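Single chain ahead, by itself, as structure tokens, in the form predicted on its own.
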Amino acid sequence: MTTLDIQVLLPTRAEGVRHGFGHLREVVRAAELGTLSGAVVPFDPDGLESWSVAAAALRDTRWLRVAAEFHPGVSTPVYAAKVAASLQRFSGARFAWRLAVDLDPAVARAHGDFTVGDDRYLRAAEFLQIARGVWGGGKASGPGGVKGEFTFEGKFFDVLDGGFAAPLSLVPFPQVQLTGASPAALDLSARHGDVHIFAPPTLAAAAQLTELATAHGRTVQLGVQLSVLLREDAAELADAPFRDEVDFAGTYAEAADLLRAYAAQGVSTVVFDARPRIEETYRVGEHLRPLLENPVLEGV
């Protein structure tokens, strides 16, 4: 039977009268009670910092995997890997990364990042190579004392004698989620991504990504992210707000059919952007999630 990895976006700013980590706690508990697999904290230029929100969400849950979205210019890859290793240890290996590579140029400049064009993807590739490299680099004794065994010389980052020892090296490297449909985005994912999240209109590029990954001897899982409005029937939908502002508005049964269609195309991860987040996360868990356990998915 095909199983879908269902995730939700988490809030990084106030929604209506709700704000703060109390609001976040309610959303992640709704996701966990609904047996959803994960959550994503988006990179929000005007919202709370995503790693901090992810750490709070991990602390308040037991099973939920939480991905923090960030851009590779936010820190050195070695420091990012060290923080990630720490969160992996504290959370039981439930932390994940989503890299925001193709930022709006004005947003990037406002954050002190002036890298443009395909250089952003080259920097992201170096970032991931180094992060994985130091993670598995290890330490060894030599004439100059104990040194790391990983060295890298690139265009954006250099590392000399780097590498983690225990306990940092004893946890799994975070799952890496990537996005985008440009040739550079697909190539980056084919070489370094674990899961590639598409926006619904660009899912046609999934076949190209699969071919690229195969050429590199890798497998990249396919995902889709969409904003949704879900209700029991047409009458409830008619009374619901925001139905013209989402990618998909429909009944729970229609949404289950849509996800089965995605699964038939090889999609294994679905990320829902549903607001208001507490109520809609409960709806996904209570009403949609059980429909996906129907044996009709068998053989898809």
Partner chain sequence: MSIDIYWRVGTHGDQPSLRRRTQSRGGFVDVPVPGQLAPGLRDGVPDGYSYADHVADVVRASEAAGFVGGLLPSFPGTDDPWALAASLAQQSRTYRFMVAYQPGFLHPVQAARLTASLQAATGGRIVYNVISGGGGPAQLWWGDKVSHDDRYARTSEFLDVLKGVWAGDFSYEGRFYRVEGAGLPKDLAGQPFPEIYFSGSSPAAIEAAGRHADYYLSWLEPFDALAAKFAQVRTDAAALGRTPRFAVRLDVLARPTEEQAWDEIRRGFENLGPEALRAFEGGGDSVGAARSRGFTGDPSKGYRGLEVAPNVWGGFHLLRGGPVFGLVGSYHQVAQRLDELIGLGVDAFILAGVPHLEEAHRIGENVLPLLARDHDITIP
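All values derive from a computational prediction rather than experimental measurement. Numbering follows the first chain given and starts at 1.
One more form of this protein should be noted, the form predicted together with its partner chain, which is absent from this view; the next part is about it.
- Within this chain, Q265 is remote from the site of its partner chain in the predicted bound form, having no heavy atom within 4.5 Å.
- Proximity of K147 to its partner chain in the predicted bound form: non-hydrogen atoms within 4.5 Å are present.
- Contact annotation for G133: none of its heavy atoms lies within 4.5 Å of its partner chain in the predicted bound form.
- At a distance threshold of 4.5 angstroms between non-hydrogen atoms, G112 is in contact with its partner chain in the predicted bound form.
- In terms of contact with its partner chain in the predicted bound form, the residue from D239, E245, D233, D46 that brings a heavy atom within 4.5 Å is D46.
- Contact annotation: of the candidates A125, A190, V74, V228, the single residue with a non-hydrogen atom within 4.5 angstroms of its partner chain in the predicted bound form is V74.
- Comparing 210-218, 172-180, 159-167, 96-104 against its partner chain in the predicted bound form, the single stretch with non-hydrogen atoms within 4.5 angstroms of it is 159-167.
- For a residue to qualify, one of its non-hydrogen atoms must sit within 4.5 Å of its partner chain in the predicted bound form; all three of A14, R59 and R89 qualify.
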